[in-house]
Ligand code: EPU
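Below, in C-alpha coordinates: the form predicted on its own, a single chain.
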(Lines give C-alpha, C1' and ligand atoms only; values in the text may rest on other atoms or scores of the structure.)
Protein backbone atom coordinates (compact mmCIF):
# COMPACT_ATOMS: atom_id res chain seq x y z
CA UNK A 1 0.00 0.00 0.00
CA UNK A 2 1.29 3.48 -0.90
CA UNK A 3 0.03 6.79 0.58
CA UNK A 4 0.45 10.23 -0.99
CA UNK A 5 0.78 13.51 0.90
CA UNK A 6 -2.78 14.29 -0.23
CA UNK A 7 -3.99 11.30 1.77
CA UNK A 8 -4.87 9.28 -1.33
CA UNK A 9 -4.05 5.61 -0.98
CA UNK A 10 -3.12 3.26 -3.82
CA UNK A 11 -3.21 -0.41 -2.93
CA UNK A 12 -2.02 -3.16 -5.22
CA UNK A 13 -4.56 -5.86 -5.99
CA UNK A 14 -4.78 -9.05 -7.98
CA UNK A 15 -7.07 -8.75 -10.99
CA UNK A 16 -7.88 -10.19 -14.38
CA UNK A 17 -6.40 -8.17 -17.25
CA UNK A 18 -8.71 -7.70 -20.22
CA UNK A 19 -7.12 -7.85 -23.66
CA UNK A 20 -8.38 -7.84 -27.25
CA UNK A 21 -7.10 -11.39 -27.91
CA UNK A 22 -9.25 -12.58 -24.98
CA UNK A 23 -6.29 -14.53 -23.57
CA UNK A 24 -6.61 -15.55 -19.92
CA UNK A 25 -4.34 -13.26 -17.90
CA UNK A 26 -4.10 -12.28 -14.23
CA UNK A 27 -1.90 -9.55 -12.78
CA UNK A 28 -0.56 -10.43 -9.35
CA UNK A 29 -0.08 -6.78 -8.32
CA UNK A 30 -2.02 -4.05 -10.12
CA UNK A 31 -1.76 -0.39 -9.03
CA UNK A 32 -4.40 2.02 -10.36
CA UNK A 33 -3.69 5.78 -10.56
CA UNK A 34 -6.88 7.74 -11.18
CA UNK A 35 -5.19 10.89 -12.51
CA UNK A 36 -1.82 12.10 -13.75
CA UNK A 37 -0.85 13.75 -10.47
CA UNK A 38 -1.53 10.51 -8.60
CA UNK A 39 0.49 8.56 -11.18
CA UNK A 40 3.50 10.90 -10.78
CA UNK A 41 3.29 10.71 -6.98
CA UNK A 42 3.15 6.92 -7.11
CA UNK A 43 6.03 6.66 -9.56
CA UNK A 44 8.18 9.06 -7.51
CA UNK A 45 7.83 6.61 -4.61
CA UNK A 46 7.47 3.41 -6.58
CA UNK A 47 7.16 0.75 -3.86
CA UNK A 48 8.32 -2.26 -5.88
CA UNK A 49 11.87 -3.46 -6.60
CA UNK A 50 11.12 -3.75 -10.35
CA UNK A 51 9.59 -1.25 -12.75
CA UNK A 52 5.89 -1.52 -13.62
CA UNK A 53 4.24 -3.02 -16.64
CA UNK A 54 1.77 -0.38 -17.81
CA UNK A 55 -1.71 -1.63 -18.64
CA UNK A 56 -3.72 0.18 -21.29
CA UNK A 57 -6.37 -1.42 -23.45
CA UNK A 58 -3.96 -4.34 -24.14
CA UNK A 59 -5.08 -4.28 -27.78
CA UNK A 60 -1.59 -4.84 -29.19
CA UNK A 61 -0.18 -7.32 -26.69
CA UNK A 62 0.08 -11.09 -26.41
CA UNK A 63 -0.35 -11.73 -22.71
CA UNK A 64 0.68 -14.73 -20.58
CA UNK A 65 -1.67 -16.43 -18.15
CA UNK A 66 -0.02 -14.67 -15.21
CA UNK A 67 1.98 -11.44 -14.89
CA UNK A 68 4.23 -11.50 -11.84
CA UNK A 69 5.73 -8.06 -12.59
CA UNK A 70 3.80 -5.25 -10.84
CA UNK A 71 1.36 -3.49 -13.14
CA UNK A 72 0.26 0.14 -13.38
CA UNK A 73 -3.06 1.27 -14.83
CA UNK A 74 -3.56 4.95 -15.69
CA UNK A 75 -7.14 6.11 -15.29
CA UNK A 76 -7.00 9.80 -16.30
CA UNK A 77 -8.75 10.63 -19.59
CA UNK A 78 -8.62 14.44 -19.81
CA UNK A 79 -8.16 16.38 -23.07
CA UNK A 80 -7.12 20.05 -23.26
CA UNK A 81 -7.40 22.15 -26.44
CA UNK A 82 -5.10 25.19 -26.66
CA UNK A 83 -5.35 27.66 -29.56
CA UNK A 84 -1.97 28.45 -31.11
CA UNK A 85 -3.19 30.78 -33.86
CA UNK A 86 -6.16 31.12 -36.22
CA UNK A 87 -5.37 27.82 -37.94
CA UNK A 88 -3.55 25.63 -35.43
CA UNK A 89 -4.50 24.01 -32.13
CA UNK A 90 -2.39 22.21 -29.57
CA UNK A 91 -4.10 19.15 -28.05
CA UNK A 92 -2.88 17.56 -24.82
CA UNK A 93 -4.43 14.19 -23.95
CA UNK A 94 -3.95 11.88 -20.98
CA UNK A 95 -2.50 8.42 -21.55
CA UNK A 96 -5.52 6.56 -20.18
CA UNK A 97 -7.92 7.88 -22.83
CA UNK A 98 -8.91 5.52 -25.63
CA UNK A 99 -7.18 6.61 -28.83
CA UNK A 100 -10.27 6.64 -31.03
CA UNK A 101 -12.14 8.72 -28.43
CA UNK A 102 -9.43 11.36 -28.86
CA UNK A 103 -9.70 11.19 -32.66
CA UNK A 104 -13.48 11.53 -32.46
CA UNK A 105 -13.23 14.60 -30.20
CA UNK A 106 -10.63 16.28 -32.42
CA UNK A 107 -12.63 15.61 -35.59
CA UNK A 108 -15.69 17.00 -33.79
CA UNK A 109 -13.75 20.25 -33.35
CA UNK A 110 -12.98 20.32 -37.08
CA UNK A 111 -9.29 19.60 -36.46
CA UNK A 112 -7.28 17.78 -39.12
CA UNK A 113 -4.33 15.45 -38.71
CA UNK A 114 -5.75 12.40 -36.92
CA UNK A 115 -8.62 11.42 -39.24
CA UNK A 116 -6.57 8.75 -41.06
CA UNK A 117 -5.80 7.19 -37.68
CA UNK A 118 -9.46 6.59 -36.86
CA UNK A 119 -10.68 3.33 -35.34
CA UNK A 120 -7.21 2.22 -34.21
CA UNK A 121 -7.64 0.36 -30.91
CA UNK A 122 -5.66 1.09 -27.77
CA UNK A 123 -5.01 4.10 -25.57
CA UNK A 124 -3.35 7.46 -26.13
CA UNK A 125 -0.42 6.30 -24.00
CA UNK A 126 0.19 3.29 -26.23
CA UNK A 127 0.13 5.30 -29.47
CA UNK A 128 3.73 6.64 -29.32
CA UNK A 129 5.18 3.22 -28.46
CA UNK A 130 4.29 1.82 -31.87
CA UNK A 131 4.26 5.20 -33.64
CA UNK A 132 0.81 4.14 -34.85
CA UNK A 133 0.07 4.75 -38.50
CA UNK A 134 -2.55 4.14 -41.18
CA UNK A 135 -3.36 5.31 -44.70
CA UNK A 136 -0.20 7.34 -45.18
CA UNK A 137 -0.20 9.09 -41.78
CA UNK A 138 1.82 8.35 -38.65
CA UNK A 139 1.50 9.75 -35.14
CA UNK A 140 4.95 11.33 -35.52
CA UNK A 141 3.50 13.60 -38.26
CA UNK A 142 1.52 15.56 -35.66
CA UNK A 143 3.22 14.91 -32.33
CA UNK A 144 4.92 17.76 -30.45
CA UNK A 145 5.98 16.19 -27.16
CA UNK A 146 5.33 13.39 -24.68
CA UNK A 147 5.25 13.80 -20.91
CA UNK A 148 6.88 10.76 -19.32
CA UNK A 149 8.17 9.45 -16.06
CA UNK A 150 11.76 8.36 -16.74
CA UNK A 151 12.93 5.63 -14.35
CA UNK A 152 16.54 6.04 -15.46
CA UNK A 153 16.57 9.60 -14.12
CA UNK A 154 13.82 9.07 -11.50
CA UNK A 155 11.95 12.15 -12.73
CA UNK A 156 9.11 13.44 -14.87
CA UNK A 157 10.09 15.21 -18.09
CA UNK A 158 8.83 16.23 -21.53
CA UNK A 159 10.36 14.49 -24.54
CA UNK A 160 10.42 16.26 -27.89
CA UNK A 161 9.53 14.67 -31.22
CA UNK A 162 13.23 14.17 -31.97
CA UNK A 163 13.89 12.51 -28.60
CA UNK A 164 11.21 9.92 -29.29
CA UNK A 165 13.34 8.40 -32.12
CA UNK A 166 10.29 7.49 -34.18
CA UNK A 167 10.53 5.07 -37.10
CA UNK A 168 8.14 2.68 -38.82
CA UNK A 169 6.18 1.09 -35.93
CA UNK A 170 9.05 1.93 -33.63
CA UNK A 171 10.18 4.46 -31.01
CA UNK A 172 12.50 4.88 -28.05
CA UNK A 173 9.61 3.70 -25.87
CA UNK A 174 9.67 0.36 -27.65
CA UNK A 175 13.46 0.17 -27.89
CA UNK A 176 13.87 0.86 -24.17
CA UNK A 177 10.78 -0.91 -22.89
CA UNK A 178 10.17 -0.40 -19.18
CA UNK A 179 12.23 2.76 -18.84
CA UNK A 180 9.38 5.23 -19.48
CA UNK A 181 5.80 5.59 -18.36
CA UNK A 182 3.90 7.79 -20.83
CA UNK A 183 1.60 10.18 -18.97
CA UNK A 184 0.33 12.66 -21.60
CA UNK A 185 0.73 13.21 -25.33
CA UNK A 186 0.73 16.65 -26.97
CA UNK A 187 -0.25 17.03 -30.64
CA UNK A 188 -0.35 19.94 -33.08
CA UNK A 189 -3.45 19.83 -35.27
CA UNK A 190 -4.82 22.22 -37.88
CA UNK A 191 -8.08 23.55 -39.26
CA UNK A 192 -6.60 23.74 -42.77
CA UNK A 193 -4.03 20.91 -43.00
CA UNK A 194 -4.32 19.21 -46.44
CA UNK A 195 -5.93 15.79 -46.34
CA UNK A 196 -3.74 12.77 -47.09
CA UNK A 197 -5.76 10.70 -49.56
CA UNK A 198 -2.98 8.86 -51.36
CA UNK A 199 -3.43 5.45 -49.79
CA UNK A 200 -5.71 2.53 -50.67
CA UNK A 201 -9.46 2.80 -50.68
CA UNK A 202 -9.61 6.35 -49.32
CA UNK A 203 -8.24 7.70 -52.63
CA UNK A 204 -11.82 7.94 -53.90
CA UNK A 205 -12.36 10.87 -51.53
CA UNK A 206 -10.06 13.01 -53.70
CA UNK A 207 -12.96 13.25 -56.15
CA UNK A 208 -15.14 15.03 -53.58
CA UNK A 209 -15.48 18.77 -54.16
CA UNK A 210 -16.48 19.64 -50.60
CA UNK A 211 -14.65 17.25 -48.32
CA UNK A 212 -14.81 17.50 -44.53
CA UNK A 213 -12.61 15.93 -41.88
CA UNK A 214 -15.65 14.02 -40.67
CA UNK A 215 -16.14 12.48 -44.11
CA UNK A 216 -12.53 11.27 -44.14
CA UNK A 217 -12.93 9.74 -40.68
CA UNK A 218 -16.15 7.98 -41.71
CA UNK A 219 -14.48 6.51 -44.80
CA UNK A 220 -11.45 5.30 -42.84
CA UNK A 221 -13.71 3.60 -40.29
CA UNK A 222 -15.73 2.00 -43.08
CA UNK A 223 -12.59 0.62 -44.74
CA UNK A 224 -11.05 -0.62 -41.50
CA UNK A 225 -14.25 -2.32 -40.38
CA UNK A 226 -14.47 -4.10 -43.73
CA UNK A 227 -10.86 -5.31 -43.48
CA UNK A 228 -10.34 -6.05 -39.80
CA UNK A 229 -12.65 -8.08 -37.56
CA UNK A 230 -14.10 -6.43 -34.46
CA UNK A 231 -12.12 -7.72 -31.43
CA UNK A 232 -15.37 -7.63 -29.47
CA UNK A 233 -16.69 -10.45 -31.66
CA UNK A 234 -13.53 -12.15 -32.92
CA UNK A 235 -10.61 -11.76 -30.49
CA UNK A 236 -7.54 -10.38 -32.30
CA UNK A 237 -4.82 -7.70 -32.15
CA UNK A 238 -5.24 -6.39 -35.70
CA UNK A 239 -2.27 -6.76 -38.02
CA UNK A 240 -0.06 -9.42 -36.43
CA UNK A 241 3.04 -9.01 -38.60
CA UNK A 242 4.93 -5.96 -39.84
CA UNK A 243 5.22 -5.37 -43.57
CA UNK A 244 8.82 -6.44 -44.31
CA UNK A 245 11.24 -4.03 -45.98
CA UNK A 246 13.84 -5.52 -48.36
CA UNK A 247 16.55 -4.16 -50.72
CA UNK A 248 15.42 -3.26 -54.23
CA UNK A 249 17.47 -6.08 -55.83
CA UNK A 250 15.79 -8.67 -53.62
CA UNK A 251 12.35 -7.23 -54.38
CA UNK A 252 13.00 -7.42 -58.12
CA UNK A 253 14.14 -11.03 -57.82
CA UNK A 254 11.05 -11.93 -55.81
CA UNK A 255 8.79 -10.29 -58.39
CA UNK A 256 10.34 -12.44 -61.10
CA UNK A 257 9.60 -15.60 -59.14
CA UNK A 258 6.22 -14.45 -57.78
CA UNK A 259 4.46 -12.22 -60.37
CA UNK A 260 1.81 -10.05 -58.80
CA UNK A 261 3.64 -9.65 -55.50
CA UNK A 262 2.52 -6.38 -53.91
CA UNK A 263 5.44 -3.97 -53.49
CA UNK A 264 5.76 -0.34 -52.36
CA UNK A 265 8.95 1.54 -53.36
CA UNK A 266 10.69 3.40 -50.52
CA UNK A 267 13.57 5.89 -50.47
CA UNK A 268 17.11 4.53 -50.49
CA UNK A 269 16.53 1.60 -52.85
CA UNK A 270 14.28 -0.13 -50.34
CA UNK A 271 10.94 -1.81 -51.02
CA UNK A 272 8.12 -2.58 -48.58
CA UNK A 273 6.26 -5.84 -49.14
CA UNK A 274 2.71 -6.66 -48.04
CA UNK A 275 2.93 -9.26 -45.28
CA UNK A 276 -0.73 -10.13 -45.73
CA UNK A 277 -0.17 -10.97 -49.41
CA UNK A 278 2.80 -13.21 -48.55
CA UNK A 279 0.82 -15.11 -45.92
CA UNK A 280 -2.26 -15.40 -48.13
CA UNK A 281 -0.27 -16.72 -51.10
CA UNK A 282 1.44 -19.24 -48.80
CA UNK A 283 -2.00 -20.72 -48.11
CA UNK A 284 -2.53 -19.67 -44.50
CA UNK A 285 -5.78 -17.71 -44.78
CA UNK A 286 -8.57 -19.46 -42.86
CA UNK A 287 -6.32 -22.15 -41.37
CA UNK A 288 -6.16 -23.13 -37.70
CA UNK A 289 -3.62 -24.66 -35.33
CA UNK A 290 -5.00 -25.95 -32.03
CA UNK A 291 -7.07 -23.09 -30.54
CA UNK A 292 -5.64 -20.31 -32.74
CA UNK A 293 -6.39 -19.46 -36.35
CA UNK A 294 -5.80 -17.13 -39.28
CA UNK A 295 -8.83 -15.03 -40.16
CA UNK A 296 -10.69 -16.25 -43.23
CA UNK A 297 -10.81 -12.79 -44.84
CA UNK A 298 -7.59 -11.18 -43.61
CA UNK A 299 -4.38 -13.19 -43.58
CA UNK A 300 -2.62 -10.64 -41.35
CA UNK A 301 -5.03 -11.30 -38.49
CA UNK A 302 -4.52 -14.15 -36.01
CA UNK A 303 -7.51 -14.99 -33.85
CA UNK A 304 -8.38 -16.76 -30.62
CA UNK A 305 -10.78 -19.53 -31.63
CA UNK A 306 -11.79 -20.16 -28.03
CA UNK A 307 -9.77 -20.66 -24.83
CA UNK A 308 -6.47 -20.06 -26.61
CA UNK A 309 -3.40 -19.15 -24.56
CA UNK A 310 -0.30 -17.13 -25.37
CA UNK A 311 1.44 -20.41 -26.24
CA UNK A 312 -1.23 -21.29 -28.84
CA UNK A 313 -0.97 -17.91 -30.54
CA UNK A 314 2.82 -17.91 -30.64
CA UNK A 315 3.01 -21.47 -31.99
CA UNK A 316 0.76 -20.48 -34.89
CA UNK A 317 2.80 -17.31 -35.47
CA UNK A 318 6.05 -19.28 -35.57
CA UNK A 319 4.59 -21.80 -38.03
CA UNK A 320 3.64 -18.92 -40.34
CA UNK A 321 7.06 -17.27 -39.98
CA UNK A 322 8.80 -20.53 -40.80
CA UNK A 323 6.61 -21.02 -43.86
CA UNK A 324 7.33 -17.50 -45.18
CA UNK A 325 11.04 -17.92 -44.51
CA UNK A 326 11.14 -21.16 -46.52
CA UNK A 327 8.98 -19.87 -49.39
CA UNK A 328 10.29 -16.32 -49.86
CA UNK A 329 13.51 -16.14 -47.76
CA UNK A 330 11.88 -13.32 -45.82
CA UNK A 331 11.82 -12.98 -42.04
CA UNK A 332 8.46 -11.75 -40.73
CA UNK A 333 8.49 -9.69 -37.55
CA UNK A 334 5.65 -9.90 -35.05
CA UNK A 335 4.08 -6.47 -34.54
CA UNK A 336 2.31 -6.77 -31.15
CA UNK A 337 4.35 -6.96 -27.98
CA UNK A 338 4.92 -10.30 -26.31
CA UNK A 339 4.67 -10.02 -22.52
CA UNK A 340 6.65 -12.48 -20.40
CA UNK A 341 4.96 -14.19 -17.48
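Numbering follows the first chain given and starts at 1. Since we're looking at a predicted model, the values are computed, not measured.
Another form exists, predicted in complex with the ligand; not displayed. Remarks below refer to it.
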Just give me the single entry in 28, 312, 48, 280 that has a non-hydrogen atom within 4.5 angstroms of the ligand in the model of the complex.
280
Counting any non-hydrogen atom inside 4.5 Å, which residue from 96, 128, 238, 122 sits next to the ligand in the model of the complex?
238
Evaluate residue 285 for contact with the ligand in the model of the complex, applying a 4.5 angstroms cut-off between non-hydrogen atoms, and reply yes or no.
yes
Looking at the partner-bound form in the model of the complex, is residue 169 within 4.5 Å of the ligand by any heavy atom?
yes
Using 4.5 Å between non-hydrogen atoms, is residue 174 touching the ligand in the model of the complex?
no
So in the model of the complex, does any heavy atom of residue 274 sit within 4.5 Å of the ligand?
yes
Of 246 to 254, 81 to 89, 133 to 141, 211 to 219, which is the one stretch near the ligand in the model of the complex, taking non-hydrogen atoms within 4.5 angstroms as near?
133 to 141
Could you pull out the residues of 277 to 312 that have any heavy atom within 4.5 Å of the ligand in the model of the complex?
277, 280, 285, 297, 298, 299, 300
